[in-house]
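Before any questions on how it binds or moves, here is one chain, the form predicted alone, in structure tokens.
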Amino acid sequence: MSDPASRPIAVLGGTGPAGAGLALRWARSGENILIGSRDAQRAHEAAEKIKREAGNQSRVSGMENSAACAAADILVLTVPFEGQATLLKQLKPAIRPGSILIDATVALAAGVGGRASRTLGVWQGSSAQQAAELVPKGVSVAAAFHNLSAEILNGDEALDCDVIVCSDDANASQLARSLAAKIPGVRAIDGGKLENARTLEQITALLIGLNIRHKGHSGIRITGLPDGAYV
């Protein structure tokens, strides 16, 4: 697999806090970032903001979501759960064959009027498994980046957090872990099959509850594994 830095990364939903934060961190590491949005002008404005924060040498541009899909084969989905299925159905004709979709969606009850510290039941098992059913045949899906603080991502300090990656495709898992490791303070861990993404989403809801209760920006660290388990 080629180095991600040689391939553009389309962050779909990149105008939101999580997407913008990931885009900022990857832009600082030298990645070529495409900010996707339903509104091309909004995407352009978000890209210009990220570029100012990442530095003049950074490569960041903004475009409508379908154009971003057509221009990249690494896609990172960072939209609220209630918009995930609709967006993927709309983008299906634009997603390139052989693309890798990294899904950071969490089915939080807050999106449909419930509590943010509780996840919804998803028929397929998790948001990522739902995404895998909706993308074109031959597109690989990995679940990752659920448990990173969007507020810290959009700042300058290192993150004190591990990223667990779940996927049924070894190349997709490896790519997601290599991108995670480009974020200062982050370690990446292979979390096994895509079906394990349901646990990642539940952890996210737990962390949100902790953050509300203790007014913090909690993450997770996995301890006790051999050094080779961490990227």
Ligand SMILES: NC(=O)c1ccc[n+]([C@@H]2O[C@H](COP(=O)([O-])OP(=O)(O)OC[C@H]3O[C@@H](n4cnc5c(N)ncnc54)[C@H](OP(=O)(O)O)[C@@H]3O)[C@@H](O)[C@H]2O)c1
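Since the structure is predicted, the reported quantities are computational estimates derived from the model, not experimental observations. When you see a residue number, it is the position in the sequence shown, counting from 1.
If you look for the form predicted together with the ligand, you will not find it shown, but the lines that follow are about it.
Can we say R7, R177 and G191 each have a non-hydrogen atom within 4.5 Å of the ligand in the predicted bound form? Checked in the predicted bound form: no contact with the ligand for any of the three.
Given the stretches 132-140, 156-164, 94-102, 81-89, which is the single one in contact with the ligand in the predicted bound form, using a heavy atom cutoff of 4.5 Å? Partner-contacting stretch among the options: 81-89.
So, L24 and the ligand: in the predicted bound form, are they within 4.5 Å at any heavy atom pair? L24: no contact with the ligand in the predicted bound form.
Contact label in the predicted bound form: S173 to the ligand, heavy atom within 4.5 Å: It does not: once the ligand is placed as it appears in the predicted bound form, S173 has no heavy atom within 4.5 Å of it.
Is I74 near the ligand? Define near as a heavy atom within 4.5 Å, in the predicted bound form. It does not: once the ligand is placed as it appears in the predicted bound form, I74 has no heavy atom within 4.5 Å of it.
Looking in the predicted bound form, any heavy atom of G209 within 4.5 Å of the ligand? G209 lies outside the contact set for the ligand.
Taking the ligand as it sits in the predicted bound form, which residues of 144-160 have a non-hydrogen atom within 4.5 Å of it? Please list them. Sequence-ordered list: F145, H146, L148, S149, A150.
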